[in-house]
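We begin with a single chain expressed as structure tokens, specifically the form predicted on its own.
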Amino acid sequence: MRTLIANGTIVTADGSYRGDVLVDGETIAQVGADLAGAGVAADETIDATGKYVIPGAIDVHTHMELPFGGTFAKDTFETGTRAAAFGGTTSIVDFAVQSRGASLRAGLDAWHAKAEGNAVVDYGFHMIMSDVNDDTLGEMDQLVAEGVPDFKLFTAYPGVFYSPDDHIFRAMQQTAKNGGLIMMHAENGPAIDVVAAQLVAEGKTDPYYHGVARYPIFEGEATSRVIRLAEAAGVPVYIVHLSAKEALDAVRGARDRGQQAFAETCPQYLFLSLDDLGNGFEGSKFVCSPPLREKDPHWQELWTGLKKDDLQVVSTDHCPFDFHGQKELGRGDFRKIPNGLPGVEDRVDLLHDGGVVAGRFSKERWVDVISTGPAKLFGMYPQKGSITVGADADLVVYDPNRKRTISAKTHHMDVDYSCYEGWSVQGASDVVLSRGSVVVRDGEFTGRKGHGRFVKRAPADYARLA
């Protein structure tokens, strides 16, 4: 099957130009001007006049079917990746979880079983390490060899995922040997627990106080600490879901002194705020960790960080729980509200509207933070995240002028609310191709369950980011 995408504006992280893209089977066969006029034949031609042609977006932080707080994230690999495709995302990297006392292998095998034969678009895995010991350190080497080269640890959630500094440092030392990457959820969990208990004792139990308890300085302190541990180990480190100026300052300082410190933020920290946690228990819809912050100073700092490359990636931390029956587990005690928000379907459009349309950064930078940057950092480039001959034909024909209204009534995520209910955004995906197959066309799903394949990723070539 040969598909010609004609007459579009090809937008990459490096520049934009008018051109055509020829897809042959699952890969990009040719890129150039007026390919039809040059005699190139195709089985189907997709007219992209007035549209962008971009590499399929990559969300490197999702949690499909994650067990948390006595329940499970609602989206399966089928529903979650289908929703991703509607939003122009053609690859996800989800987090496999090591259960306390079990092996990394058991956790990874469980996530392979969840995804294989179910995913609509391609997927990879990071590994959450709950235990750091001699056995799991040895397992890390094998996982890197199998294409799972990233390991997430937490300074948050004591008694669940929390790792003390010596465990984090040992894991970092291991990545110095095997080329892997440590990803950190950086908040001071023990200190947060003290404040949260004090608030509950004072009768302050509404969701709003989830945001109050998790001080921005707790995120800044933990971010600085884990970066310093990485410096001591001589390895890069990646900070997930960065939300606060204090944490961003720590990343900036590290990068200024030459440390390979990388970080992502998420749409919720760019568009939502502590105010959304108000309104009584309705605020539980917006409970995530780190929490939503006050608009000032955090919003502007994060947007500036994206523009200046202090932040390299925008991911979603997609982890949806229904308001009814799941978020409600925390009525009367914000500490029991399942932490997580839906977002995998809305990221690309929100960033186009709030970034490109609003004039905060260029369309090329938009492509960089939603696709190319993630591909480079997480060992998928140039197979993913690029429009080059030989790359996977993960492509999106994107209408930068079409407006749509975000709503739980029309979204495809398996969750009963939207964080952005009623928002109008400019920009939407018209046609989405995953490895050459059209999976979404004009708002209709044309893909199939099981089309998505596991992506074996290499340790990142950080020199590409210089």
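Note that the structure is a prediction, hence the values are computed from the model and not measured. Numbers for residues come from their place in the sequence shown, where the first is 1.
Absent from the display: the form predicted together with a small molecule. The rest refers to it.
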query = In terms of non-hydrogen atoms within 4.5 angstroms, which of the given stretches 162-170, 313-321, 219-227, 274-282 touches the small molecule in the predicted bound form?
reply = 313-321
ask   = Hey, in the predicted bound form, does residue 306 get a heavy atom within 4.5 angstroms of the small molecule?
value = no
inquiry  = Given that the small molecule is not shown alongside this chain, does residue 51 nevertheless sit within 4.5 Å of it in the predicted bound form, heavy atom to heavy atom?
reply    = no
request  = Please check if residue 347 has a heavy atom lying within 4.5 Å of any heavy atom of the small molecule in the predicted bound form.
outcome  = no
query = Does the small molecule get within 4.5 angstroms of any non-hydrogen atom of residue 66 in the predicted bound form?
reply = yes
note = Checking 154, 151, 123, 111 against the small molecule in the predicted bound form, the residue with a non-hydrogen atom inside 4.5 angstroms turns out to be 154
ask   = Within 4.5 Å of the small molecule in the predicted bound form, heavy atoms considered, which of 188, 289, 205, 362?
value = 289
